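Encoded as structure tokens, the following chain is the form predicted on its own, with no partner shown.
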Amino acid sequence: MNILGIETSCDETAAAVVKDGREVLSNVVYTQIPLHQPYGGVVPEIASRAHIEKISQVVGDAMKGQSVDAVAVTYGPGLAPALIVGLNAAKGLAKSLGVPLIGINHIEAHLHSPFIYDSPDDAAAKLADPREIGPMLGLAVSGGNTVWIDMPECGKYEVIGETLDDAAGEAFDKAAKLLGLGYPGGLKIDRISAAYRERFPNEPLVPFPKGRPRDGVTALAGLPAELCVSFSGLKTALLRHVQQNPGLLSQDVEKEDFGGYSVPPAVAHVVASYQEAIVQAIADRTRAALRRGSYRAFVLGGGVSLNSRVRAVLTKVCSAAHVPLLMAKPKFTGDNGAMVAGLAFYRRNVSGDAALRADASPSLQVGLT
């Protein structure tokens, strides 16, 4: 069964055709990063306009030479103006082709990304069918989400922990802006940090907070504090560190190359320290979550899952827990249509007439049907 997946939840216009939920036959992504860089973050109105301009071309390129049996689309969560573009395009296309429409949850799609492949040599191609692996623990970590999810079986999801404020990717971007590194900040912070740690492996890092909320905080909404994280205090600690060290961002300080970026060594030190606080916060919650269940795999998805330090630390965490770590191929870590089309083979949040009547759901919860 070939399914066309359409993804426009944020600032990527993406479409892909996937066979039987796993094999990627085509994958097209148009990124809007250059459009949003002057503003230091994604502007919903600009994102929506760019989706409108590019959606026909992206979908057309993905469908070249392909026949499809269904159309799947992200209808939430995400930016409302962006979601509407993809949803409306998918509705019109499904009607014109005379095929079913399937609505998919964006976060759940990220957790399917480790199972998709475009080459028989990919590690994902050698994995068992996801219906045969459960129970699994999932972590979707991106610019908009940081959430731990219990998956007792394929297609079943329950949130057991999450960020109470910023997602990890957002925390990276805000730090990069504060430190003058520009937008987007995740890749820059990762490369600068890796280079700094390699050059100064024994240098003590700034002890930034790892953001564990207190038990009983209203924002937990019944979730256990040990599985939740708050990055607002970390951002405040970074701001105070910069304020207490006024020479840190001085233009007169000599700069050096760290991972391809020219920054003062003191800034690289702060960048590495900040990243480590986020990574260890994620690792601590993951350890706690793995102790709470008997899992056969840990599934990692989302754009921040491409971070080299996140991957290295979570590999050790899973090894210590004797649980296999399943990670997406780098090209499938960000927002893409392949993860949407792949999941639609196994999971239908809404389908048929209900999907054709569905509205964009910016705050769509994981596990809802």
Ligand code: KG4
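Residue positions are given as counts along the sequence shown, with the first one as 1. Because the structure is predicted, anything quoted here is derived from the model rather than measured.
Form predicted together with the ligand: not shown, discussed below.
* Contact stretch among 126-134, 169-177, 96-104, 239-247 - heavy atom within 4.5 Å of the ligand in the predicted complex -> Residues of 169-177 come within 4.5 Å of the partner.
* Determine whether any heavy atom of residue 306 comes within 4.5 Å of a heavy atom of the ligand in the predicted complex, and answer yes or no. => Output for residue 306 is yes: heavy atoms within 4.5 Å of the ligand.
* To do: Would you please decide whether residue 112 lies within 4.5 angstroms of the ligand in the predicted complex, comparing each non-hydrogen atom pair?
  => No - in the predicted complex, heavy atoms of residue 112 and the ligand never come within 4.5 Å of each other.
* Asked: So in the predicted complex, does any heavy atom of residue 138 sit within 4.5 Å of the ligand?
  -> Flag for residue 138 set to no.
* Asked: Looking in the predicted complex, any heavy atom of residue 259 within 4.5 Å of the ligand?
  -> Contact check for residue 259: no, nothing within 4.5 Å of the ligand in the predicted complex.
* Looking at the ligand in the predicted complex, is some heavy atom of each of 143, 186 and 190 within 4.5 Å of it? -> Yes: 143, 186 and 190 each sit within 4.5 Å of the ligand in the predicted complex.
* Taking heavy atoms and a 4.5 Å limit, what residues of 1-37 are near the ligand in the predicted complex? -> Only a single residue, 12, comes within 4.5 Å of the partner.
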